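In the form predicted alone, a lone chain appears below as structure tokens.
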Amino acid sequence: MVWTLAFAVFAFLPMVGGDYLLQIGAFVAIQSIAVIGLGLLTGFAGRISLAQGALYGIGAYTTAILVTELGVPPLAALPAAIAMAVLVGTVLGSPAIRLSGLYFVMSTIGLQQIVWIVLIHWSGLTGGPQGIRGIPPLSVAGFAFDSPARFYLAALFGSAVSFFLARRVVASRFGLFLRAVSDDELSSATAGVHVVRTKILALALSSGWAGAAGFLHAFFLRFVHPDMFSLELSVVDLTMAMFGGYRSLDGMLLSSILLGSASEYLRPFGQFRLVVYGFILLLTMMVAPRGILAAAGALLRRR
């Protein structure tokens, strides 16, 4: 109920905000989709991934290639972007899903770098270092989201849908399997849960959310480039997911809003911006390992 009201309030932002504020809002909404998807894998399945930026890029590039090179209608590129991200994520990530801890994290860094190298060197398909330009505006049934206010509402709608779908997943029987596998794989297997299959499905869901975010990202900037989807983006996504909280979709959405908008104020740090995000992640793990909402609740109860 609280988040339904929050989304309704944000829907009125175009009436009071300028174009710059709306662009930040659209960026935050898109980022929240990728963060919520990562939360399903990291927070609920217990697998820390640093490849979300790569899967985000797969969705964006799939969209850009389809609408610019093949003339596919913008909305029709959405299922293709999701499917391609899921395919790449599961095919390249499944062999490593049996790993745990640091070993799995290292394998996701490898996945991130593989995708980035392909994007920058496969010039015939991805445009290489030049990227892909000339992406048309997002349109649905002839209605173009070609202004900051219109696109902001489209991104906000996408964020709301992804959030409530994730809540349905978490509340389902599969969500129970995710939490069980994260807590104790041996006990879960003894109880009849297919541990490997559950983790692969979590990886597929996380990849699908990233692909959807990439779809909107392509229409947001109307230009894609490999450097947009580097390891830095994966670190930022992971920071937001961990800052939001362990198994807290509400916290992840809140952290997307707080850190996503704060990224504009971190621009003066330039190349050291990633260091700031790393410090935030480290501080969160030390002070509030279960996230900001859980820490705030504990503080209120203590008072």
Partner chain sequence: MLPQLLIGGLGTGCIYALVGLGFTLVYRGMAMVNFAQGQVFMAGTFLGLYLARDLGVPAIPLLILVPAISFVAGALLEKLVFRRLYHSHEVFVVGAIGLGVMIENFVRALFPEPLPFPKIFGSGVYRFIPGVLFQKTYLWIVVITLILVLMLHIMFTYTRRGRALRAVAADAEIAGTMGVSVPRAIGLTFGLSFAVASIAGVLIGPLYFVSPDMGDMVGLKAFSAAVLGGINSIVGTIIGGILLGVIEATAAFYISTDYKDVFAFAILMLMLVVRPHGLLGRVVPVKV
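Note that the rigid core is defined as the largest set of C-alphas that superpose within 1.5 Å between two forms. Positions refer to the first chain, counted from 1. Computed from a predicted model, the values in this text were never measured in an experiment.
Same protein, other form: the form predicted together with its partner chain, not shown, and the subject of what follows.
**Asked** With its partner chain left out of view, which of Leu201, Ala149, Leu221, Leu99 would have a heavy atom within 4.5 Å of it in the predicted complex?
**Response** The residue from Leu201, Ala149, Leu221, Leu99 that makes the contact is Leu99.
**Message:** I need to confirm a contact call. Of Leu87, Ile109, Leu75, Ala144, which residue comes within 4.5 Å of its partner chain in the predicted complex, counting heavy atoms only?
**Reply:** Flagged contact: Ile109.
**Request:** Look up in the predicted complex whether Leu266 has a non-hydrogen atom within 4.5 angstroms of its partner chain, and give yes or no.
**Result:** Taking the distances in the predicted complex, the answer for Leu266 is no, it never comes within 4.5 Å of its partner chain.
**Asked** Taking heavy atoms only, is Leu70 within 4.5 angstroms of its partner chain in the predicted complex?
**Response** Close contact is absent here: in the predicted complex, Leu70 is far from its partner chain, nothing within 4.5 Å, heavy atoms only.
**Message:** How about Leu293 - does it come within 4.5 Å of its partner chain in the predicted complex, if we only consider non-hydrogen atoms?
**Reply:** Answer no; every heavy atom of Leu293 is more than 4.5 Å from its partner chain in the predicted complex.
**Message:** Is it the case that His121, even though its partner is missing from this view, gets within 4.5 Å of its partner chain in the predicted complex, heavy atoms only?
**Reply:** His121: contacts its partner chain in the predicted complex.
**Prompt:** Which one of these stretches, 78-86, 212-220, 100-108, 129-137, sits within 4.5 Å of its partner chain in the predicted complex when only heavy atoms are counted?
**Reply:** Correct option: 100-108.
**Asked** Is its partner chain in the predicted complex near all of Trp116, Leu231 and Leu281, within 4.5 Å of a heavy atom of each?
**Response** Each of the three qualifies.
**Request:** Residue by residue through 124-156, tell me which have a non-hydrogen atom within 4.5 angstroms of its partner chain in the predicted complex.
**Result:** Read in sequence order, no residue approaches its partner chain (within 4.5 Å, in the predicted complex).
**Asked** Superposing on the rigid core, is the CA of Leu281 displaced by 2 Å or more between this form and the one not shown?
**Response** Leu281 C-alpha, core-superposed: shift of 2 Å or more.
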